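Only one chain is included here, represented as structure tokens and corresponding to the form predicted on its own.
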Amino acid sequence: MPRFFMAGTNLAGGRAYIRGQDAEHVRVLRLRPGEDVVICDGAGTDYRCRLVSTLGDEVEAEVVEVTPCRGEPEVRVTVYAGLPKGERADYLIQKCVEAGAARIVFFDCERCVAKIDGRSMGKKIERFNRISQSAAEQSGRGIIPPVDYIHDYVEMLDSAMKNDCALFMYETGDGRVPLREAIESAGDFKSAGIITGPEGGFTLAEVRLARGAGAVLCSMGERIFRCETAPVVAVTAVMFAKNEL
């Protein structure tokens, strides 16, 4: 069943009014009056609607059923990822949203190849959020996970530590614990911050800062994941541990 996100102000009096690109999407899909669609308010509530009119610039539908979104996990996972270059960032957003991440934050660090300057930042973040919306629609999410950018590495760590647990993915060195053990040791957490590095990984100084801030250094086994794969695997591991898979 086709799924759309829209602001709650477009839902009133038992009617839903679809405008703009979503209305055009309805016409592209050749949906007709009498067919059903799902509209999500972006806050975790689904509205099953029956199309009434698909003419003009506005699509009108009748609200048939209102239910909590079943595709939204109870645990809130924020992914903090060293900004990768090119399509790797797109892949990371798509798959983390599908896996259940509630927010994605890219950050800058010493070995980041990709850089966002002040002129391009707004456009990149806007495009990243469009990718998130598309992935959320496709995977039946109840929210559109926002995609943000933090330039300062220490500021990123401060943000991650506000979660119930902060898991720092690191591929080498002593003092790491298996990811499964780290998740189990965190107990009954409601939020988690997953921190992963860019193509070149983290420097030792960055690792020490993360450990000093209180993040748990985690091993993901003997295999080395690409920078766009590691956060997807980590989110999936958390979802599995919290019975969300």
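From 1 onward, residues are counted along the sequence shown. Note that the structure is predicted; figures quoted are calculated from it, not measured.
Another form, the form predicted together with another copy of the chain, is not on view; read the next lines as being about it.
Remark: all three candidate residues (I183, F225 and T229) come within 4.5 Å of another copy of the chain in the predicted complex, counting heavy atoms only. Stretch-level contact analysis of 35-43, 204-212, 172-180, 185-193 against another copy of the chain in the predicted complex, using heavy atoms and a 4.5 Å limit, identifies 172-180. Another copy of the chain in the predicted complex comes within 4.5 Å of no heavy atom belonging to M6. Contact check for N129: every heavy atom lies farther than 4.5 Å from another copy of the chain in the predicted complex.
Residue contact check for R70: one or more of its heavy atoms lie within 4.5 Å of another copy of the chain in the predicted complex. Although the partner is absent here, G100 lies within 4.5 Å of another copy of the chain in the predicted complex, judged by heavy atoms.
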